[in-house]
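Heads up, the chain below is alone and in the form predicted on its own; it's given as structure tokens.
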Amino acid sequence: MKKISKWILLLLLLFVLVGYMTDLSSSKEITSIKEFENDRSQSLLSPNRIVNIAHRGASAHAPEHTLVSYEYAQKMGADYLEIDLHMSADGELVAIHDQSLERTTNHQQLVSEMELKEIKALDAGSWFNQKNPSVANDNFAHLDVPTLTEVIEHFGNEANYYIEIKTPKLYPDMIDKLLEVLSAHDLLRKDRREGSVIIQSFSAEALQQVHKHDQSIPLIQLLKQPPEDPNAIKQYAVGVGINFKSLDLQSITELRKADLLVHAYTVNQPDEMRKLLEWGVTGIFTDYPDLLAGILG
């Protein structure tokens, strides 16, 4: 009788141990991160394609938003040239991040206060050499601020453009002008490559206005943190651009379940890139498109 009891006790212990190991295994499956996949044969808007977005061009290597910075980005394997837009006093769209010209040209006026010819006379490259002596280049001195038209005409229809509408309330005519420029360069044709142009903004109102004009243009809602209602964004946008510091596995999973693309900004460290890719982001904004290309390669 005692021998039977011992066997029963051993069997019970075995069942408990097996159950514990199963639970542990399941727990690991739930919390583990998968190796990222990048199918470059897919459309740029495919959830199975990870896109390399050159933040203001290859802005760690050359003065941001200059033609040289965009040239570097292309050579480094970027999928998209990211372009921030402001509008000059005479209604021209220029590629520059700040509303003020001070940081990148040492001129203290606002973009909106100056005509294009005045902006063109400014030096948009020397500041970079002063700030980044390790990658300084004499050829960067006296680069100018390009217009959107100049960028498109320089790189043509084979490049992919990721365009941000900045401060739309300051520029009420910007959306009409932007669509006009894109249309004039055949970037809104029905037979264009899917995802060859993406428009992004922190302003939901501006994106919804673009959506009313042309529902075929893919839009990205910029956010500082994951949205409370992803389905509301899905009504007009194909995805979200979110500060990478506010993202985690759960938030990315929920956004992907809502059929939204998830593009993280602005990621410059390889370990952060790998972590976000393993969590499931579908794109990364980076000042180092060469680093990201190496990881994706």
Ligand code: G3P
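Position 1 is the first residue in the sequence shown; the rest follow in order. Just so it is clear, the structure is predicted and the values come from calculations on it, not from any experiment.
The same protein has a further form, the form predicted in complex with the ligand, not shown here; the description that follows concerns it.
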Work out which of the listed stretches, 226 to 234, 52 to 60, 35 to 43, 251 to 259, brings a heavy atom within 4.5 angstroms of the ligand in the predicted complex.
52 to 60
Though only this chain appears here, would His97 touch the ligand in the predicted complex if you measure heavy atom gaps against 4.5 Å?
yes
Leu222: touches the ligand in the predicted complex, heavy atom cutoff 4.5 angstroms:
yes
Although the ligand is absent from this view, report whether Phe155 comes within 4.5 Å of it in the predicted complex, heavy atoms only.
no
If we define contact as a non-hydrogen atom of the residue within 4.5 angstroms of the partner, is Glu92 a contact of the ligand in the predicted complex?
no
Scan 117 to 136 and write down, in order along the chain, each residue with a heavy atom lying within 4.5 Å of the ligand in the predicted complex.
none
